[in-house]
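Next up: just one chain, as structure tokens, the form predicted on its own.
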């Protein structure tokens, strides 16, 4: 009898493909997906991986062909399926925004009433305009949304934006944020039994990786008379670790600091008398 495996659907190419495979590999799940393979298995974890179009992933999970999947929140919002959002994954962050040509005199959303808006996300955009009491003429197109105004197809566009460089290069200005999106882990509703057990084990690994990405490991040297001031700046997971150095009157202090607080904390440490500050990335952090 074939051993049970957790079946996961990943984007085979596109915005989330690299981040999804990198996350699994950081979780200690090795696999090969080269040469256009659409299916792979890991020898390190009981998992079977399907490489699909991003739009197909929620349907595969809802139907139980895959137990779980990684997909953008924008895909779920455009075509909702009966799936459970299990975890936000912190990569693939973007926003779905309305953009207009630079010569468009834009003041507020009412200026788009009656205008032609080109987008690959008509359902999200229809809900957004309806919620704001604006009636616009929405044109669904599958790709190259940014060129629609320049070829006379639309007056404005609504598309995914990361840096905004694509909009800028096509003479467009971002004026409204419709929604923000990132990669999420989804699961079939009511998933139980062995697949649920495997999912819980995978979630433990994922959350350890995400916690590590949000923190840095810091080591520094400090004179004994400065330890109290310095440790106030370094709460760590519970409290910093201090160890005596070979040089009398000095200690080494080890701790964990949040990525978002990093520069502010380091500046404070230097002012408090810390020396020889080393900062290291963390692979996994088990809470």
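As the structure is a computational prediction, the values presented were derived from the model and not from experiment. Residue numbers count along the first chain shown, from 1.
Not on display, but discussed next: the form predicted in complex with adenosine-5'-triphosphate (ATP).
| query | Does adenosine-5'-triphosphate (ATP) get within 4.5 angstroms of any non-hydrogen atom of residue 67 in the model of the complex? | reply | No, residue 67 sits far enough from adenosine-5'-triphosphate (ATP) in the model of the complex that none of its heavy atoms falls within 4.5 Å.
| said: How about residue 20 - does it come within 4.5 Å of adenosine-5'-triphosphate (ATP) in the model of the complex, if we only consider non-hydrogen atoms? | reply: Residue 20 lies outside the contact set for adenosine-5'-triphosphate (ATP).
| message | Quick check on residue 162: any heavy atom within 4.5 Å of adenosine-5'-triphosphate (ATP) in the model of the complex? | response | Flag for residue 162 set to yes.
| message | My question is simply whether residue 94 lines the interface with adenosine-5'-triphosphate (ATP) in the model of the complex - judged by any non-hydrogen atom within 4.5 Å. | response | Looking in the model of the complex, residue contacts with adenosine-5'-triphosphate (ATP) include residue 94, since a heavy atom lies within 4.5 Å.
| Of 112, 98, 75, 118, which residue is found within 4.5 angstroms of adenosine-5'-triphosphate (ATP) in the model of the complex when only non-hydrogen atoms are counted? | Comparing distances to adenosine-5'-triphosphate (ATP) in the model of the complex, the residue within 4.5 Å is 75.
| Which residue among 226, 254, 39, 53 has a heavy atom within 4.5 angstroms of adenosine-5'-triphosphate (ATP) in the model of the complex? | Result of the distance check: 53.
| message | Please identify, from 53-61, 255-263, 241-249, 40-48, the stretch that has a heavy atom within 4.5 Å of adenosine-5'-triphosphate (ATP) in the model of the complex. | response | Looking at the other structure, the answer is 53-61.
| Going through 174-194 from first to last, which residues have a non-hydrogen atom within 4.5 Å of adenosine-5'-triphosphate (ATP) in the model of the complex? | Read in sequence order, the lone residue that approaches adenosine-5'-triphosphate (ATP) (within 4.5 Å, in the model of the complex) is 181.
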